[in-house]
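For this one, two forms of the same chain are given in structure tokens, first as structure 1 and then as structure 2.
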Structure 1
Amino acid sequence: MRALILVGGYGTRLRPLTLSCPKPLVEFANKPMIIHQIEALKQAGCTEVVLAINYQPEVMMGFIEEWQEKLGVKIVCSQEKEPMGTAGPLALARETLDDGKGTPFFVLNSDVICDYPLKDMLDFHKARGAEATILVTKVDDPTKYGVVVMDEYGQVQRFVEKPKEFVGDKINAGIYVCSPSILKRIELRPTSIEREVFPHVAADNLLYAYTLNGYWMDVGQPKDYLKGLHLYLDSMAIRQSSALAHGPGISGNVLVDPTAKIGEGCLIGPDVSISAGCVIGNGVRLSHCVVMRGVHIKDHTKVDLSIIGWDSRVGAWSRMENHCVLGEDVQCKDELYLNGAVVLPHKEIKESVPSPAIIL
């Protein structure tokens, strides 16, 4: 089986992290975001994954060289010369996706984190003879989204964008199973699978929706990224994963790379991930935050609801809160208060940032 991951654009909503690397390679729970998806695809029987890219292709090629052998999955690039939307990349990779035997393939948006019920979704797709199956998830407030309206068998009847009256509470979760016949509907041009292809498939009664029971989050912006980490770690706890940290000073769900060093008298958690090579000083308090590879946090600092980018340094007796995001290699002096600060890579912060601001 094959799969195509829409790696796509510039990741502007997740800046300043995406100024250093493409969004799919940004760490999530201590490994590149896209690795979670490729591992799930492998479990569902995929042996080849196509990455549809148009930004920093040389970085993605380096990623492929590093991870292809580790994962035991063939990874290839399909490079767009111009942004091709969500359907154009399927036409571009047509020869790879269609094996000539009618085997369905997966299509995923690269910033979706969820329980990935790919095998069950594939069985559902085949059982209904569908041309395409959309993964949908239930939301509390459907008025903010495009709603997928379907019958009791999962057949999609129509799409309603930001409905003012209740028509359903299921939204597109950004993961699809497609049969190769759908490729005949897609021209080699920038086009949207959601707006220009799926409505025609639905009109022919060949579009179905599979409802996700577990968690789901689009982690393409910092607030949602942190919420996604909470859901991911909670899912690990439900599965009683041995990868979660335990012991003195650990509160709630925490993920710590074995190479990280944590000082004495720290309180870590809940909802914290600490990546490889990090050094956490004595008396540090971390909660609802992400500490990326190579970060140093000095003694008696408190970090809450924040993301600290690769190789950054946070001074002693400091405080970070309210969705701070430090880009790569940011150096913060001692005794600073950062409130909602978004700091571009390779900056030195010498003064407090008492109100939310972007530091250029």
Structure 2
Amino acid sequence: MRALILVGGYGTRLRPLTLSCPKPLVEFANKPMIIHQIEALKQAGCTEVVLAINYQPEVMMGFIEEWQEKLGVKIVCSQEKEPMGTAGPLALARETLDDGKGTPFFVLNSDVICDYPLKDMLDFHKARGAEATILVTKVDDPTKYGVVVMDEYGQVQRFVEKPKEFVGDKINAGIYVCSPSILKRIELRPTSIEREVFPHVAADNLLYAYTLNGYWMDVGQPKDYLKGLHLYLDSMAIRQSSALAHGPGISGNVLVDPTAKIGEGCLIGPDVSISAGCVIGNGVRLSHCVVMRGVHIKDHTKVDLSIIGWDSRVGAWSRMENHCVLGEDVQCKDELYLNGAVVLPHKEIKESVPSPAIIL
């Protein structure tokens, strides 16, 4: 089986992290977001994954070389000359996606995190004779998503992208199974699967929805990314508790890369991920935060609800809280208070940021 992951989009809502690398390569729980998806696709029987990209191809190529081997899945790039939206990339990769035997393929948004019930979705898709099956989940605020209205068999009656008025609270989770016949509906031009394809498939009674049982989050913006980490680690505690950190100084769900070094007398957790090569000083307090590859945090510093980008340095006796996001290689002096500071890559921070601000 084959799959296409929609990797394009500039990831503006995840800046400043996406100033250093494309959104799907931003680490989530210590590995690039997209790796969670490729691993799940492999488990569901996919042997070839198409990455639909529209910018930074050189970064993507390096990534593919490294992971293709590690994962044992063929990964190919389908490069757009201009952003093709969420449906155009399917037309561009038509040759790869349509095997001529009617075999369905998966399509994934690259920024969604869940337990990926791909096999169950595929069985459901076949049993319903669907042209497309959408994974749906329930959210409190449906306005920023695509809303799906369906009957008790899962047949979709309406699909409304980013509705202004309340339509329902079941939303498109950004994961689809499609039969190759859907490709006939998609022209080779920038076009949206949500606005220009799904409503027509629904009108032909060929669009179905499979309801997700479990957590889900679009981690394409910092607040949701941190919420997503909480949900992911909660699920990991049930499925794979041995992969989480245990012992004195660890409180709640914490993921620590084996190459990270943690000092004496720290208190870490809940909902913290510490990636490869990090060095955490003595007496450090970390909660609800992401510490990306190569970060150093000096002694007696407290970090809460924040994301620290690759290779950044946080000084001693400091405090960071309230959705700070440090880009790559940010250098912070000692004894600073950072409240909701969003800092661009390669900056040096010498003074406190007492209220939320973007540091250019």
Ligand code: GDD
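Counting starts at 1 with the first residue of structure 1 and goes up one by one along its sequence. Since the model is a prediction, treat every value here as computed from it, not as a measurement. So that the term is clear: the rigid core is the largest set of C-alpha atoms that superpose within 1.5 Å between two forms.
Between the two chain copies, the one drawn from the form predicted on its own is structure 1. Once the rigid core is used as the reference frame, the Cα position of K119 differs between structures 1 and 2 by less than 2 Å. In the core-superposed comparison between structures 1 and 2, the C-alpha atom of V167 has shifted by at least 2 angstroms.
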